[in-house]
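In structure tokens, one chain follows: the form predicted alone.
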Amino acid sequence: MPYRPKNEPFPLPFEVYPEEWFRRLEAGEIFPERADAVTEVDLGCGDGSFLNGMARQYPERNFLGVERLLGRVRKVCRDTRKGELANVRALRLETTYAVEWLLPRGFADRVHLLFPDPWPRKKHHKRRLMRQPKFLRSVHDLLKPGGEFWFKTDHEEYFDVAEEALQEIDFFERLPWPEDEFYPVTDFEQVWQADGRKIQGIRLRKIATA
């Protein structure tokens, strides 16, 4: 179990901490009193600025943030408590394990992957999530029928690689990115915009497969 200070609540308020980490969860274990609500998952949610912004805008929806760093999970939970956002939960876990092994299949109406590590060094390119068919298939399985997967990056080469990878699969269809829909700017996006980087997005919808 990762180290936490003795005086820190465990689990943190609004934190999802499964009793078992080696079986797939059920929706009711994540949002016990809101299992039937529209649910969105933010993979690698960082400090929670996007997650909590969406939760305030759409109080009728559920929002789960997945983040591996404890300091960021602490901030998400602290801001969620301050904002009295009953529709937010945080899961401290590495993204691929959460998607491939822990989260329920058919759980999410929408999954967000915003500004993931582009792994710019050539020897690390295999770590890019958007070029991994297994990860993309797991996102597909995580979504409800007709659910959507939204991806954003400031890294042009990574965007091109993602588009190439998506041409090799047949379980998502491409949709236009809506410019007028409420979509908070993440902490990373603010930095990249200040640097004048080009922000690009891909919006996908789940296609039923046999």
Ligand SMILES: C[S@@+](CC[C@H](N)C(=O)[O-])C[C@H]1O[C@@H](n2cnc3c(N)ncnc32)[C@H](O)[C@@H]1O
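Every value quoted in this text rests on a predicted model; they were computed, and no experiment measured them. Residue numbers here begin at 1 and follow the sequence given.
The same protein also has a form predicted in complex with the ligand, omitted here; what follows describes it.
*Asks:* Please identify, from 62 to 70, 28 to 36, 169 to 177, 141 to 149, the stretch that has a heavy atom within 4.5 Å of the ligand in the model of the complex.
*Replies:* It is the stretch 62 to 70.
*Asks:* Only one of Ala108, Leu103, Leu114, Val76 has a non-hydrogen atom within 4.5 angstroms of the ligand in the model of the complex; which is it?
*Replies:* After the contact test, the surviving option is Leu114.
*Asks:* Since only the chain is shown here, I'm wondering whether Thr95 would be in contact with the ligand in the model of the complex (any heavy atom pair within 4.5 Å).
*Replies:* Although the ligand is absent here, Thr95 would touch it in the model of the complex, with heavy atoms inside 4.5 Å.
*Asks:* Taking the ligand as it sits in the model of the complex, is Ala55 in contact with it (heavy atom to heavy atom, 4.5 Å or less)?
*Replies:* Because no heavy atom of Ala55 falls inside 4.5 Å of the ligand in the model of the complex, the answer is no.
*Asks:* Is there a heavy atom of Glu15 lying 4.5 Å or less from a heavy atom of the ligand in the model of the complex?
*Replies:* Close contact is absent here: in the model of the complex, Glu15 is far from the ligand, nothing within 4.5 Å, heavy atoms only.
*Asks:* Though only this chain appears here, would Cys45 touch the ligand in the model of the complex if you measure heavy atom gaps against 4.5 Å?
*Replies:* Judged by the heavy-atom cut-off of 4.5 Å, Cys45 is in contact with the ligand in the model of the complex.
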